[in-house]
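The form predicted alone is given below as one chain in structure tokens.
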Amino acid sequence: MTQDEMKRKVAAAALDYVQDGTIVGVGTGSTANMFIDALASRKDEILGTVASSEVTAERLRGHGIRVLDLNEALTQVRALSVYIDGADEFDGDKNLTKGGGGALTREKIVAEASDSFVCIVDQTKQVEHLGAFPLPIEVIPMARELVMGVARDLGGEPVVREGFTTDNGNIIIDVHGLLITRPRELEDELNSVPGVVTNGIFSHQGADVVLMGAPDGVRVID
């Protein structure tokens, strides 16, 4: 089974977590795109969606799926029923690294606004410790060198993502070479640096359930 086939299987399996008559949070990236394609078959059964990026919103609308602003959605419901998104890697405690697509801040916001977070991945994303994938940090541009210095002090090798601006108008610094054995502590430490909008460690907003595609099918990690 190819990696794309595993992604399609977990994307389809995630439909089981979509409740009729609710608003669904939708993530960003290749696996999330496959979920959007699958969600099109249920679009008349839900109230709508909240997208974690402009790219996701465009794909949802292309399928005729209603997209709401989060503030608008939360005037209608107490919380989104579920947030469904992929990850760049995940560990045994369901901590995640996200942000390869640059939507990490909005992804964290939508995850926090949801009753549960279902993470859909293929088995190549499973790691013992986070850090194999470079850690993205969304940064206000004037704080670039400040944040890069902090990243170096932590033992990382920071690189500005060239030619990329987030939907919020900020830059991304990708930090290579970190071995993240205490994800929650590092998430908090980085987020305390002035100029950091947020970083790509999802520990406070970690997954409630991971659906992992493997050659033998979809494995549920909860």
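Computed from a prediction, not measured in an experiment: that's the story for all the values here. Start at 1 and count along the sequence shown; that's the residue number.
From this point on, the text means the form predicted in complex with a small molecule, which you will not see here.
*Asks:* Only one of 147, 118, 80, 103 comes within 4.5 Å of the small molecule in the model of the complex by heavy atoms, so just point that one out.
*Replies:* Of 147, 118, 80, 103, the residue with a heavy atom within 4.5 Å of the small molecule in the model of the complex is 103.
*Asks:* Which listed residue (111, 139, 87, 130) meets the criterion of a heavy atom within 4.5 Å of the small molecule in the model of the complex?
*Replies:* Exactly one listed residue reaches within 4.5 Å, namely 87.
*Asks:* Should residue 125 be counted as a contact of the small molecule in the model of the complex, where contact means heavy atoms within 4.5 Å?
*Replies:* Yes, residue 125 sits close enough to the small molecule in the model of the complex that at least one of its heavy atoms falls within 4.5 Å.
*Asks:* Using heavy atoms and a 4.5 Å limit, would one call residue 8 a contact residue for the small molecule in the model of the complex?
*Replies:* Judged by the heavy-atom cut-off of 4.5 Å, residue 8 is well away from the small molecule in the model of the complex.
*Asks:* With the cut-off set at 4.5 Å between non-hydrogen atoms, does residue 181 touch the small molecule in the model of the complex?
*Replies:* Contact check for residue 181: no, nothing within 4.5 Å of the small molecule in the model of the complex.
*Asks:* So in the model of the complex, does any heavy atom of residue 31 sit within 4.5 Å of the small molecule?
*Replies:* Answer yes; at least one heavy atom of residue 31 falls within 4.5 Å of the small molecule in the model of the complex.
*Asks:* The small molecule isn't shown here, but in the model of the complex, which of 58 to 66, 22 to 30, 191 to 199, 39 to 47 has heavy atoms within 4.5 Å of it?
*Replies:* Only one stretch qualifies here: 22 to 30.
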